[in-house]
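A single chain comes next, written as structure tokens; it is the form predicted alone.
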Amino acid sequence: MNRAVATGSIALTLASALTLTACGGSGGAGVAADAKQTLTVWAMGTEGEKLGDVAKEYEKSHSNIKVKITPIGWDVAHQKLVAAAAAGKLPDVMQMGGSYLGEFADMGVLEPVDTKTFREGDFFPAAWQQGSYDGKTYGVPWYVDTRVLFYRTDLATKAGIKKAPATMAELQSAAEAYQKKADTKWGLSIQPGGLDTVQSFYQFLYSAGGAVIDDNGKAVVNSDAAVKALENYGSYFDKGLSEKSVRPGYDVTKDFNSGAVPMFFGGPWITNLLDENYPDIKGKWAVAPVPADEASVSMAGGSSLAVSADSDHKAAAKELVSYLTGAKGQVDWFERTNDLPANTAAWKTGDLATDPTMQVWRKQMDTARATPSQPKLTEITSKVDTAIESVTQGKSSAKAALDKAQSEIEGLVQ
């Protein structure tokens, strides 16, 4: 998911000012699931564009239901959700990114998930965590996202690299070898600064045993493990292994194709981009788990499906969400979009069970970690973005940058 630019604090202030009245459910029985009715659904980005075809299939087996899909761009999704929440006009079902589910749950505009119907054990742990806030679950995991290491195998041979780097020490050694022996411009592409730099840093942070916020909701971004991770991250820029200045809209796949960049951390959608846009390097690259520090841990992303607390169609909405998040629906969605299933049972059939590349993603999701939901999570992570950039640009030590971020984040955590 690409996070909307509007910050959680702005949204929360606006929502408070407009005095939202939705506080944990309408309380009424609402319309029965088997009654004739229309369900309104908001979905974002590519998912919004492709969900309409699934809705048509759903309507064939649910003749009483009309599903009205409204596709929304990620760049305006947060703003539209805030405005709809303030006006009491949220759709029956909505796609929720992990970076702001906690914000809307805190407003009281999301219906708690029926945990008898939707069981935590059916989903990847990190995916379930992203849909939870303050002890309750408000979103059912729809699809997951994580990062793994993409690397050029042909250039690795030239550089004398015999296998994918398995540790953080091996990762930096490989970056150096690519530059010195395979004549690549860079060793590893990681983000030097700007919005969502933290997503590039998570692989280093989590693998070192660090976190931004711990499972108890406490800010811990200046822990010894976090400082160690940022020192490691910053060393790539100090040694000229990673580029200090990346233009807006930078597409790493172009440099991966040319050989200027031999390694980067990427999401599952990258596979299709490489196959479709750069067929000449097919068979010349591979994916591998995030190299381990204390462990191999990547970030968890993706989206959940949430139901409006004010919806009069909760029963039918729950049935639709169950269809989309069940194992069969998840396999179908993967085949349509390549979004990774959040339901672990979906990984037991077809390519998801047998393809070696898919198993790398599966293995990484088992240990993937999500930052606990917070109403001001977007603002919190922006402080980490700033800290990282100050280190990559040589303006601060990792300890000083993270101490500053810690002091700022402590006042934002709820």
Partner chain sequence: MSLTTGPAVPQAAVDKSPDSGGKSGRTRRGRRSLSKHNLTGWLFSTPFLVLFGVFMLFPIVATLLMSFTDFGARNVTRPLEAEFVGLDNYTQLFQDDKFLKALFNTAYFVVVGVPATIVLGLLAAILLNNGIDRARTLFRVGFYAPVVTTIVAVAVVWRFVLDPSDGLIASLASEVGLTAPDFLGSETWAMPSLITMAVWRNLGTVMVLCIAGLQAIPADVREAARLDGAGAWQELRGITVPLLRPTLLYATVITTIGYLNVFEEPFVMTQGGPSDSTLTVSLDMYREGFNFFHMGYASAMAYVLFVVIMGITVLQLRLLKDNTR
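Positions refer to the first chain, counted from 1. Please read all numbers here as calculations on a predicted model, not as lab measurements.
One more form of this protein should be noted, the form predicted in complex with its partner chain, which is absent from this view; the next part is about it.
The contact with its partner chain in the predicted bound form, taken as any heavy atom within 4.5 Å, belongs to 86 out of 287, 86, 177, 281. Only one of the listed residues (336, 163, 185, 218) places a non-hydrogen atom within 4.5 angstroms of its partner chain in the predicted bound form, and that residue is 185. Using a 4.5 Å cut-off to its partner chain in the predicted bound form, not one of 296, 298 and 356 places a heavy atom inside that distance. Not displayed here, its partner chain is approached by residue 378 to within 4.5 Å at the level of heavy atoms in the predicted bound form. Its partner chain is not drawn, but in the predicted bound form it has a heavy atom within 4.5 Å of residue 393. Among heavy atoms of residue 272, none comes within 4.5 Å of its partner chain in the predicted bound form. The closest non-hydrogen atom of residue 248 lies within 4.5 Å of its partner chain in the predicted bound form. Contact with its partner chain, judged by heavy atoms within 4.5 Å in the predicted bound form, is confined among 117-125, 99-107, 142-150, 200-208 to 99-107. Contacts between 64-91 and its partner chain, taken as any heavy atom within 4.5 Å in the predicted bound form, involve 78, 79, 82, 85, 86.
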